[in-house]
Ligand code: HEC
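The form predicted on its own is given below as one chain in structure tokens.
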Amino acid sequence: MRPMIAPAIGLGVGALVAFSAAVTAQAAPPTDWSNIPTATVKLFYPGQGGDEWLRSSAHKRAYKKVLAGDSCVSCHEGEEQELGEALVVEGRLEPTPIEGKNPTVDLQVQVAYDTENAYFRFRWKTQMDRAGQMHNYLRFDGEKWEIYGGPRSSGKVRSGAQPPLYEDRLTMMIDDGSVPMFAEQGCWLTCHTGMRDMTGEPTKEEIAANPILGAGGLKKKDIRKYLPLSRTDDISTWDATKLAEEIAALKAEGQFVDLMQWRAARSAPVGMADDGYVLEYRLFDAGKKPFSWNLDKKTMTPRFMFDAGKVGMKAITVADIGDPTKPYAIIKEENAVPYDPDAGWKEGDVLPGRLLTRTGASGSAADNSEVTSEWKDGLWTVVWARPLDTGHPEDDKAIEDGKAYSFGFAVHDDNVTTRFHFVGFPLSIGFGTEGDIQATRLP
């Protein structure tokens, strides 16, 4: 794919804000992004088209090319709009469409770098008329706390029993050529039958019985992204996992995809993005990420509430949700105090179901610590500084001057999760060399 190059919209990083107290920046992104070329990458709705489908005869007239190692864009370059419009409605790859969902999103991408960091600036328009900053909220019903809201794909939201409340997200995947077929297939290589909201979802009992993913291994209850090279069979069945020592050897050889997510509710308020990877599963890097549950799942009560002395209230209300003048994230070191069950809770009181921390994030999981973001006039602008070499080669892909890397981008918009996002075909970004996008070398 050759993204369209367009003039940058001149909003400098100085105009951006993180949704928390000021953070001392260690990186130095461009002060004037108008000097950095902009590539407009069209992301589209993918439906249930995963790796197995691409390789099956149902992928008419193209599956043999996939099996031969050809890229997605060898057939579909420039067809993103057409594909999105065909897949966002009910059909063979979308049995449960979301009413009114857009077929595509235009993601503006700018890339620069210096001797220490790569700098990314992303802009995209949201379908909602407000920022999607709500996630796993907790509501007091007069007697107890319960999780409130959810993604638009859930049955409770589709039925009207719960409101659509889910965070906006931006995902960036990187490979350095170590993963076979990622440069050709990108995100589709990591998406499979058996995953959440895909066909053939296994039961929790079936997953628990798997020695790698289940009770004796990762202790997972659903299936998320994974790479075919982590499976033993030709069709990459979810439970045909290689032995633990084989997976560890692949990881040590760098045969994983770097995956990072900026999250409007779970990372943006503390000026961060999370850090993970894909191999046998989509996993977080070692260390502590910037978010955890603000819910004691044994007692089903919040762990922290707002510090009324700092934000003027101990909780928001249902009516406050989406009001930009009200707090929406609870940050341990900034605006939180321990939950008081005797604080006079009223029906309709709401607290965030996630607890955020910047100072508590650590290790490889905290490498993306310089990310600023702003939602204004229907547009997200995210400026993301990532060290070229995080110092964690066991979890991350190091970027070197003079090389090109395969990238995949995705956006979750309009209160959705899992496969109900927008994705783009993989593209190359060249750092000091040619690529579909050319990173600008800073002085």
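Throughout, we count residues from 1 along the sequence that is shown. For clarity, every value in this text was computed on a predicted model and none was experimentally measured.
Separately, the form predicted in complex with this ligand exists; it is not shown, and the next lines address it.
- Just one of T199, S74, T359, Q127 comes within 4.5 Å of this ligand in the model of the complex, counting any heavy atom, and that one is S74.
- Of the listed positions (Q110, N368, N294, Q185), a single one reaches within 4.5 angstroms of this ligand by any non-hydrogen atom in the model of the complex, namely Q185.
- For this ligand in the model of the complex, the listed stretch (383 to 391, 407 to 415, 33 to 41, 66 to 74) containing residues with heavy atoms inside 4.5 Å is 66 to 74.
- In the model of the complex, F425 approaches this ligand with a heavy atom inside 4.5 Å.
- Taking non-hydrogen atoms only, K403 never approaches this ligand to within 4.5 angstroms in the model of the complex.
- Residue contact with this ligand in the model of the complex: L54 places a heavy atom within 4.5 Å of it.
- Taking non-hydrogen atoms only, L379 never approaches this ligand to within 4.5 angstroms in the model of the complex.
- For the partner-free chain shown, W53, L54, A58, H59, K60, R61, A62, K65, V66 of 45 to 66 come within 4.5 angstroms of this ligand in the model of the complex, judged by any non-hydrogen atom.
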